[in-house]
Ligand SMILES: Cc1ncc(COP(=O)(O)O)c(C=O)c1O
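Okay, here we've got a single chain as structure tokens, the form predicted alone, with questions on binding and movement later.
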């Protein structure tokens, strides 16, 4: 079952096929919208506070005057969806020129391919993003760290990965540093340490899943820069995202990796945290 809810006081439940955006909405015409996608588990949206904090940060970066009522909207859509496992997407579009932002929530089942990636892993390839890590962090107009609906580059990257025989991509900077995946945070295990890049230094999206999962790591965690050479030589590589969870990278640039013990333990711990509703 899919549920659509429109932001308001109180939120309004709509038929999922109901149009909610005008053709001249700036989110449609210019991609000026922000969104969050999170898991529905046990009849509630998982880690909602973390997602709403990031939604507000993204909206501020796009000069969207984020209206109130997002927690109520998320809870209303989740309640209408029921207790089945699912996913919830919260979107805020800037609205028509001179008008007000438009917010809505869409609750729906998790796609089968997402569940398969969580359990069986994905093959990935590295792709250059064409700028240095420092440039991406120092140029806010590149929108590094913003979860906007301007996803054309993200989707083109995934198509390039598929053309190369993989299912996902890992972006690297022009100076050979690891950044992120089109829809996930990247982490890897080297010499028994779990490593992930610092979002503020390399201009990547601060991951809500990484925020929770890294606290659950069975090994020591280092948040630091890493090179593509280090990533390719890693013992384990994983992609962290809200709906897919901890997805093992079982092949990177043609090198077989399999599902390592740290990845498996972290994946199971994160799934328990999703069901419990707490990071610990």
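Numbering follows the first chain given and starts at 1. Since the structure is predicted, the reported quantities are computational estimates derived from the model, not experimental observations.
Beyond the structure shown, there is the form predicted together with the ligand, which is absent from this document and is the topic of what follows.
A.B. asks: So in the predicted complex, is the ligand close enough to residue 95 to count as touching (4.5 Å, heavy atoms)?
C.D. replies: Because no heavy atom of residue 95 falls inside 4.5 Å of the ligand in the predicted complex, the answer is no.
A.B. asks: Taking the shortest heavy atom distance, is residue 168 within 4.5 Å of the ligand in the predicted complex?
C.D. replies: Residue 168: no contact with the ligand in the predicted complex.
A.B. asks: Does any heavy atom of residue 197 come within 4.5 Å of a heavy atom of the ligand in the predicted complex?
C.D. replies: Residue 197: no contact with the ligand in the predicted complex.
A.B. asks: Using 4.5 Å between non-hydrogen atoms, is residue 103 touching the ligand in the predicted complex?
C.D. replies: Looking in the predicted complex, residue contacts with the ligand do not include residue 103, since no heavy atom lies within 4.5 Å.
A.B. asks: The ligand in the predicted complex: within 4.5 Å of a heavy atom of each of 182, 185 and 242?
C.D. replies: Per the other structure, all of 182, 185 and 242 touch the ligand.
A.B. asks: If the cut-off is 4.5 angstroms on heavy atoms, which of these, 132, 154, 190, 128, is the one near the ligand in the predicted complex?
C.D. replies: Residue within 4.5 Å of the partner: 154.
A.B. asks: Looking at 23-31, 221-229, 65-73, 208-216, which lies within 4.5 angstroms of the ligand in the predicted complex, counting heavy atoms?
C.D. replies: Among the listed stretches, the partner-contacting one is 208-216.
A.B. asks: Of 44-58, which residues get within 4.5 Å of the ligand in the predicted complex if you count heavy atoms?
C.D. replies: If the 4.5 Å heavy-atom criterion is applied to the ligand in the predicted complex, 44-58 yields 51, 54.
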